[in-house]
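Before any questions on how it binds or moves, here is one chain, the form predicted alone, in structure tokens.
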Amino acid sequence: MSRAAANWLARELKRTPDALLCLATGGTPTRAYDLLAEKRHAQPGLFRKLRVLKLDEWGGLAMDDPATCEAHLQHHIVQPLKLGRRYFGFESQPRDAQAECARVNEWLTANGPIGVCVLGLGVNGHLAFNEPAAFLRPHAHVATLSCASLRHAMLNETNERPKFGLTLGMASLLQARKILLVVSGASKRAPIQKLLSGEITPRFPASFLWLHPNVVLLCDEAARDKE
């Protein structure tokens, strides 16, 4: 899965060298990012114009906390590819969380749309911190974190607990030209089956991917229904 994802992203960058990639974090896409970054040795020009946008962030953690999305992207993508100012994302401890979301929305309006959005699938169907709810928010917003999100493995790397989530909204994600959904682990078997049912509901935000014309789903064997 990871190698297929890295190769798919490399092909997209060959087609559109200045693409804006919006990247999720967590265990599922990490190996794909490492494999993609390794291509810089054989194809140094592949990443010269690449731009990266951070999908979401744990609000309230310090930016250098090892559990942050910032730390993960810096280690696996931003520093290996020397992106510098071609990387943009939420601050994890903004003085004003609403103003921080407005800042991200303004940046995306000026620099978007997203070319490729890499997403993972939450066990409760969340995409980024767009959590199951009666309605979904369209653009960057402050999110109340679900119990499922607060059990995320990334938080095992810190003694702190996030106070809220900062995330792009569903409209921003669905405006991406292409979406790559990567899913791994046996715990995602039931969510994948629910996604593939085709029923669209805000109580399972990933179901809104059915409204997008260009979604690629890659999963590992553990996440597949073996029946």
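Model, not experiment: these values are computed from the prediction. Residue positions are given as counts along the sequence shown, with the first one as 1.
FYI, the form predicted in complex with 2-phosphoglycolic acid isn't displayed, but the following is about it.
Trainee: Within 4.5 Å, heavy atoms only, one stretch in 195 to 203, 39 to 47, 26 to 34, 164 to 172 touches 2-phosphoglycolic acid in the model of the complex. Which?
Mentor: So the stretch in question is 26 to 34.
Trainee: Give a yes or no on whether each residue among K54, R103 and H139 has a heavy atom within 4.5 Å of 2-phosphoglycolic acid in the model of the complex.
Mentor: No: no residue has a heavy atom within 4.5 Å of the partner.
Trainee: Just to be sure I understand the contacts: of P80, G120, P132, P94, which is the one whose heavy atoms reach within 4.5 angstroms of 2-phosphoglycolic acid in the model of the complex?
Mentor: Flagged contact: G120.
Trainee: Determine whether any heavy atom of H152 comes within 4.5 Å of a heavy atom of 2-phosphoglycolic acid in the model of the complex, and answer yes or no.
Mentor: Judged by the heavy-atom cut-off of 4.5 Å, H152 is in contact with 2-phosphoglycolic acid in the model of the complex.
Trainee: Would K188 show up as a contact with 2-phosphoglycolic acid in the model of the complex if we use heavy atoms at 4.5 Å?
Mentor: Answer yes; at least one heavy atom of K188 falls within 4.5 Å of 2-phosphoglycolic acid in the model of the complex.
Trainee: Mind listing which residues of 34 to 62 have a heavy atom within 4.5 Å of 2-phosphoglycolic acid in the model of the complex?
Mentor: Residues within 4.5 Å: none.
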